[in-house]
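The chain that follows stands alone, in the form predicted alone, written as structure tokens.
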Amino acid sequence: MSTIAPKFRLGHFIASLTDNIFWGVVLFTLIGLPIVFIVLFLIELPEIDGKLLSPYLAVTYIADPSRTLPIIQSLIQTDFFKIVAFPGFGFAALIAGATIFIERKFLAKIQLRPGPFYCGKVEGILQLMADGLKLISKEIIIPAKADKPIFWAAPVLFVATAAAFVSLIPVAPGWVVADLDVGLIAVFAIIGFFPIITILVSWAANSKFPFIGGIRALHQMVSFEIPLILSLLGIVILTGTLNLSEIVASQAGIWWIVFLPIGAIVFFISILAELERIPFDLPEAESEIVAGWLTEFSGMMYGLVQLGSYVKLYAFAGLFVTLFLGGWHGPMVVPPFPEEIITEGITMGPISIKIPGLPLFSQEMLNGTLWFVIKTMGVIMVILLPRGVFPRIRIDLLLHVGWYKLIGLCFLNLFIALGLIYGGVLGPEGFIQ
């Protein structure tokens, strides 16, 4: 039986196009403009020509690029921008999306496969978008006997916890969402929520495979969180602070991985286990328990968990860079902004505006962000590498490594840190400042 393709009708096309434009204008008027006004009321607007800019006048300035710059500068300095865009969740989600694509191509090259190839002209670059659309369009199926409120809330809680983790990572000087004096303790407090969410999901699904995966995840995360914490005591002793920005500042000369390589190795192995990456992927173990605690997730619920997992991967890689690889420190490669523009302002057409603090981002911020991203992507590549090389280990060996070998190495790392201080190498009176 053959089917006849519908004919193209220009009138129907124009009608549908007009209809879309109409509803777009209606939605922008009813939803878009109120959101713009709310944001303009929340941010601190600048002064132009000696007058404080009002939200109503700011809307009219959108058509004038020369007058839009002060508004953009004010928006960038708000907490809302830092949380939503940079260096918060939006920045982390962008790196997470890039990591998913890089992982698939990277592992394919290791295993002599093409990887994502057909969707997109350049190395299958559009495959990520196609997979995202597929997840969004797939039906969400909830098990009949599941605890539905907890099952629905778990993916959102997982992403929210990963986003809270990201908010503590300093990307550049002054660019961190939450610069806490006890930032390192806050990191451990947030990490502690992941085992709770995992065991709640495995129980709420009311299925044997998720429950087995949840129990494995609980044992694994708890056994590796102890060495994860102990491996960083040496850095706390040497720096005398729990603030992550101050820890980065203390590495302006030499990175802490040079003095505490054992702590860096223990921390790296521990984050592999916390991320459930091969060879520590027992909680998911596709060949044994289908997908572990993720088995009953489908559609965008599964997509949210995957997004949270890769945001968590970025956060752990960024934390490793912050603690051991000098954070944003690196040679100055970003050229300075022209001094005459900073002092004299910008002239656009008939309007000349002097905006203190131009450019929108300082040279130190751009250079620091560049080095932070390069180091973080390097650590992410090393985290991805074992998936294409190592097999999965047995759970008894996993627990043996976590509770016995890594904790022993942590104490050795602690003694090295104390020796560096009492030996006069580091510290207030050390010959290396």
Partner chain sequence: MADATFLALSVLTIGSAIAALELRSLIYASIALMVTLGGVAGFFLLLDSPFVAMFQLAVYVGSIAVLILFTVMLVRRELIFTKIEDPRRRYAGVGLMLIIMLGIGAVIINSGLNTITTEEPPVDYRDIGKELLLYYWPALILMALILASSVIGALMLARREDVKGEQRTN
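Positions refer to the first chain, counted from 1. Predicted model only: the values in this text are computed from it and were never measured.
The following text describes the form predicted in complex with the partner chain, which does not appear among the structures shown.
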For the chain seen here without its partner, which of 306 to 314, 207 to 215, 134 to 142, 267 to 275 has a heavy atom within 4.5 Å of the partner chain in the predicted bound form? 207 to 215
Joint contact, A153, E286 and F320 to the partner chain in the predicted bound form, by non-hydrogen atom at 4.5 Å: no
Heavy atom within 4.5 Å of the partner chain in the predicted bound form, from candidates Q73, T78, S362, T241, belongs to T241
Go through W203, Y302, W255, F86 and name the one with a heavy atom inside 4.5 Å of the partner chain in the predicted bound form. W203
Do D179 and the partner chain share at least one heavy atom pair within 4.5 Å in the predicted bound form? no
So in the predicted bound form, does G192 come within 4.5 Å of the partner chain, heavy atom to heavy atom? yes
Just checking whether K105 would be counted as a contact of the partner chain in the predicted bound form - the rule being heavy atoms within 4.5 angstroms. no
May I ask you to state whether A186 is within 4.5 Å of the partner chain in the predicted bound form, using heavy atom distances? yes
Applying a 4.5 angstroms cut-off on non-hydrogen atoms, the residues of 143 to 169 near the partner chain in the predicted bound form are D147, P149, I150
